[in-house]
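Next comes just one chain, in structure tokens: the form predicted on its own.
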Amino acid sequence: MLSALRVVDLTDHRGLLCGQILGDLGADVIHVEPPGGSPARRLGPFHGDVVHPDRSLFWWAFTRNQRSVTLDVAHPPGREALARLLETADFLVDSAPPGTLADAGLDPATVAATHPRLVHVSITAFGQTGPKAGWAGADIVLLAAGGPLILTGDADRPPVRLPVPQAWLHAGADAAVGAMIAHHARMRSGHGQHVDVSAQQSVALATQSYILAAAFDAPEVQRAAGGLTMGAVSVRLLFPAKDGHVAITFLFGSAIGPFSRRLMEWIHEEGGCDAATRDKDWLRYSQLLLSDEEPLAEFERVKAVIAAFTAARPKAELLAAALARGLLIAPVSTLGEVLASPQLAAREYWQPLDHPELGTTVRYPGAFARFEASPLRWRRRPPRVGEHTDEVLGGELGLDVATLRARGAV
């Protein structure tokens, strides 16, 4: 779909997803890395546990369908080569802190003046402007600044970060959307523009309901491992199974309460609880707890009843009953179960990519969407450091790569 468009990608570990999305859509994404490779290549784990810039699984996860050239944009020959490359590009994507690319002539104002048709997308922690524009932004900081960090972790300890850079991933996805919107505008106006993406704002928008809830007098939501806490009520969402765990939405009210009642009916049928437990008012149960008509100790007993019931059954049996009885039970899958998922297999989600340099084939996650007329294809494995420097700079731009290399620019 975007095969006629070229992206020059200067991002590091803070913005890789944008280029991958554009590359998956068919764009020619050229990742410009410093000599020696992107800092993202130093992030593990590594294929075969061999620490090498071409074996970083983090790099592999976000750079398929791209080419790699190396350029030292801190020195004039590298900057001149990059300027030539930008003349052939439709998008420039960077993730450098505001102001740090000015010496290389890559600040938004200079880029707009020298390449007026270019869509320039900047992905930063707090945006290009404002009192925090220059602040450092590790993912844990951004999750805190954006709001959702308060919900991750145990109730009696400080919050913990997510295992993946969630804030930067939100920003990368928003950057790809922003790039496409700016491209659409350029098709009518003929002019590019700067797209300023703040990771703090991206992650806040993705979880805004929690941020706004208190302002509307909704019960305060607090973190609780395996569930959540609303006021004094601790809601458990994760329960044991005979062979792992299952997630159960054991909540109440007119929408969810009927599911909880059907669950308790099944447990009663199997001898797991008495009739009085089965027949509680599951539609009004939240009000009963919050008004102290139902003691919290009784709610804790009911959760223990459910846990004892699920712990005696395998995940497959619990899922089958959920489908047959209309229950809100879902198995918690292991990595192996995800890889073997019949659903993902039917949708051809896992895509093989050859790594001839390693003599192996690797399964990669599939498309973020299925396009009926233009299915997304994995054209390239993630590039090795500078793998396409000669091909792009020499073959396509006609630059003297040998001289650039001798001058330390590539």
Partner chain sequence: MTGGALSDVKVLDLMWVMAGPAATRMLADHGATVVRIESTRRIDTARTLAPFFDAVPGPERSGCFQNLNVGKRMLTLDPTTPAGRGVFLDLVRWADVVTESFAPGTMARWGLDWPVLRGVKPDLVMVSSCLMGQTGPLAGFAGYGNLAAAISGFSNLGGWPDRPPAGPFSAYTDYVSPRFLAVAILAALEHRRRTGEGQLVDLSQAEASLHFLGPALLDRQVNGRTMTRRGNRDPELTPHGVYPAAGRDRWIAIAVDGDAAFAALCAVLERPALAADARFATRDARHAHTDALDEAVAAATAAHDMHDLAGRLQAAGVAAHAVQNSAELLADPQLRHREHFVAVPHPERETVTLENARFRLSRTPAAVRGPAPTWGADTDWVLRTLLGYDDARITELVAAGALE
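The structure presented is a predicted model; accordingly, all values stated were derived computationally and were not measured. Between two forms, the rigid core is defined as the largest C-alpha subset superposing within 1.5 Å. Numbering follows the first chain given and starts at 1.
Below, we turn to the form predicted together with its partner chain, even though it does not appear here.
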Test of understanding: in the predicted bound form, would V197 fall inside 4.5 Å of its partner chain by heavy atoms?
yes
Are any of the heavy atoms in S291 no more than 4.5 Å from a heavy atom of its partner chain in the predicted bound form?
no
Partner proximity in the predicted bound form: T310 to its partner chain, non-hydrogen atom cutoff 4.5 Å:
no
Should A185 be counted as a contact of its partner chain in the predicted bound form, where contact means heavy atoms within 4.5 Å?
yes
Only one of 330-338, 298-306, 77-85, 265-273 gets a heavy atom within 4.5 Å of its partner chain in the predicted bound form; which is it?
330-338
Across 195-209, the residues having a non-hydrogen atom within 4.5 Å of its partner chain in the predicted bound form turn out to be V195, D196, V197, S198, Q200, Q201, S202, A204, L205, A206, T207, Q208, S209
Is_shifted K132 between the shown form and the other one (CA, 2 Å cut-off, rigid core)
no
Yes/no, S286 Cα shift of 2 Å or more between the shown form and the other one with rigid core fixed:
yes
If the two forms are fitted on the core, does P258 show a Cα displacement reaching 2 angstroms between the shown form and the other one?
yes
